[in-house]
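Shown here is one chain on its own, the form predicted on its own, set out as structure tokens.
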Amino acid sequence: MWAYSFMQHALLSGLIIATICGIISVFVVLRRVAFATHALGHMSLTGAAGSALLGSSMITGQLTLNLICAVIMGLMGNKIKKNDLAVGVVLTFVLGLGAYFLFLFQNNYAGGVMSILFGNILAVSLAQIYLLLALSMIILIILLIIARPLLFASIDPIVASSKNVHLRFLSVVFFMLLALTVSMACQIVGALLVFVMLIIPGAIGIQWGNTIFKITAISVIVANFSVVLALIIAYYFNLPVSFCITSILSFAYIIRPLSSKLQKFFISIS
């Protein structure tokens, strides 16, 4: 099946995005900005639909709107964790606008609506792979520069602030990186399911790892494994790739708590 060019493109783009999502998701979980990540994923729907209406590429609209929203969220700093209502109100308005764009969009391109909502990794072109690779390099380079202070600020922002770490600047930069990652991940799982790629790998890494390096490594491995396995299952069983990815990651997440409960059960009856 890997002899087909569309499967090769799907594999390459999937591995690129899975690697970045695996890294970013660790910081999403540590910083407890899951809802903001969820909001960015849904806001990208509006950006993609609006861009498609204007005849531009969907990822251009996603990047533009997500970066604008990311800067606003980043400027809010730690307050964003306490302002779910404000984020929810903005998200509702943007989603309403996105619904209107989709209404106009589907009259001419009904198939494109599904690709925005659920992604279409099997339709990724070579040009898109180059774009994803360029965005990934940008994200990785910036992460390498800010990794230490970002980790410090994510784990203990109060102590980091006392050590003159620029929390607001790091927050803005991180949310911009998150916006880039969301726009990339939407190419695989779509705007509705992007939340999965940016939460579960990091959560699984924290379940099994005890250092930041082990947590990140586990997160990246799990994300990449889910993409490869999902492509194989989707190819042979004619299933949506995004559905397979979310199912595999969700199952992987419950392994640890399920094994702990089974272990306690067997200990109690022995």
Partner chain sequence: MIKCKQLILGYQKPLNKPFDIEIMANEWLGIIGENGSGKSTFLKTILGILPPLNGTITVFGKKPGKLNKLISYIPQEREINLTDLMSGLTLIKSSYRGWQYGISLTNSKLHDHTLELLELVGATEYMHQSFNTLSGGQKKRIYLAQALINRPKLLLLDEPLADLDPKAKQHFIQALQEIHEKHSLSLLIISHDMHEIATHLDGFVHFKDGVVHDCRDLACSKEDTYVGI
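Residue numbers count along the first chain shown, from 1. Small disclaimer: the values here were computed from a predicted structure and weren't measured.
Not pictured, yet referred to below: the form predicted in complex with the partner chain.
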Checking a candidate spot here: are 34, 42 and 94 all in contact with the partner chain in the predicted complex (at least one heavy atom each within 4.5 Å)?
no
Work out which of the listed stretches, 96-104, 122-130, 142-150, 182-190, brings a heavy atom within 4.5 angstroms of the partner chain in the predicted complex.
142-150
Would you please decide whether residue 118 lies within 4.5 angstroms of the partner chain in the predicted complex, comparing each non-hydrogen atom pair?
no
Is residue 176 a contact residue for the partner chain in the predicted complex, using a 4.5 Å heavy atom cut-off?
no
Examine residue 69 and determine whether its closest non-hydrogen atom to the partner chain in the predicted complex is within 4.5 angstroms.
no
Contact flag, residue 215 vs the partner chain in the predicted complex, heavy atom cut 4.5 Å:
yes
Let me know the one among 165, 135, 199, 76 whose heavy atoms come within 4.5 Å of the partner chain in the predicted complex, would you?
165
What is the one choice in 221, 234, 59, 30 with a heavy atom within 4.5 Å of the partner chain in the predicted complex?
30
